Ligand SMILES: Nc1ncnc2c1ncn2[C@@H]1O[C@H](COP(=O)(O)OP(=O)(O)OP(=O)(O)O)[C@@H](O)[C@H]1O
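This document opens with one chain alone, in structure tokens, the form predicted alone.
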């Protein structure tokens, strides 16, 4: 019997007043794979991610994540589902008033794990993302952008999640540091055996980490498939995006 998808997006529609954001988005994310979602500014990527997390409910269609339908209206069930998910935020979203290890172990501390046990797990996760134990007791303000991103990644995997969501993981990083993050995404995918969803517009990152790529444009997926198929797509919207050309059917968003 075929394994159920980790994420199923079925005909999602969502509008904010007169502004239509999702227009029938359909996507299946296979369990154990890395699905990259590409799209330009205003294509609906962030809204889609909020639907997956249950922070927004679509006007039409259904979202299924790890066999459940996420919704804040069922807080106990939602909390249990989110415990199986890790999230790397675009700006890292670290707490300035907490040390590195406290940031990593934040969810564990909230769950009343003892501080000694929480710190031990945090140090283990910091090691997994290539950070030495000596950074554990310093504060985020003392870290470089790349180190902050790795701390945030350690926090995302602190609960050994079944699903990890990456929101623009390489944004704001220099090319070398960005590739370090790409390598960590691949490494953690292998070690945790989790499903990963990477939201990005970084073509180098997309081609390196993806098993499959989906292209979101104006609230719907124009194409989805393996990396090789995506690279060779004749779709003019895809070609313009991959090649980074100003001329083509995709107009600049004002």
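Not measured: the values here are computed from a predicted model. Positions refer to the first chain, counted from 1.
Form predicted together with this ligand: not shown, discussed below.
> Can you pick the one in 45, 208, 68, 220 that has a heavy atom within 4.5 Å of this ligand in the predicted bound form?
Replying inline: Exactly one listed residue reaches within 4.5 Å, namely 45.
> Pick from 46-54, 185-193, 222-230, 28-36: which stretch has a heavy atom within 4.5 Å of this ligand in the predicted bound form?
Replying inline: Going by heavy atoms within 4.5 Å, the stretch is 46-54.
> Are any of the heavy atoms in residue 92 no more than 4.5 Å from a heavy atom of this ligand in the predicted bound form?
Replying inline: No, no contact at 4.5 Å.
>> Test of understanding: in the predicted bound form, would residue 12 fall inside 4.5 Å of this ligand by heavy atoms?
In response: The answer is no: residue 12 has no heavy atom within 4.5 Å of this ligand.
> Would residue 179 sit within 4.5 Å of this ligand in the predicted bound form, counting heavy atoms only?
Replying inline: Residue-level check for residue 179: no, no contact with this ligand.
> Does any heavy atom of residue 21 come within 4.5 Å of a heavy atom of this ligand in the predicted bound form?
Replying inline: Residue-level check for residue 21: yes, a contact with this ligand.
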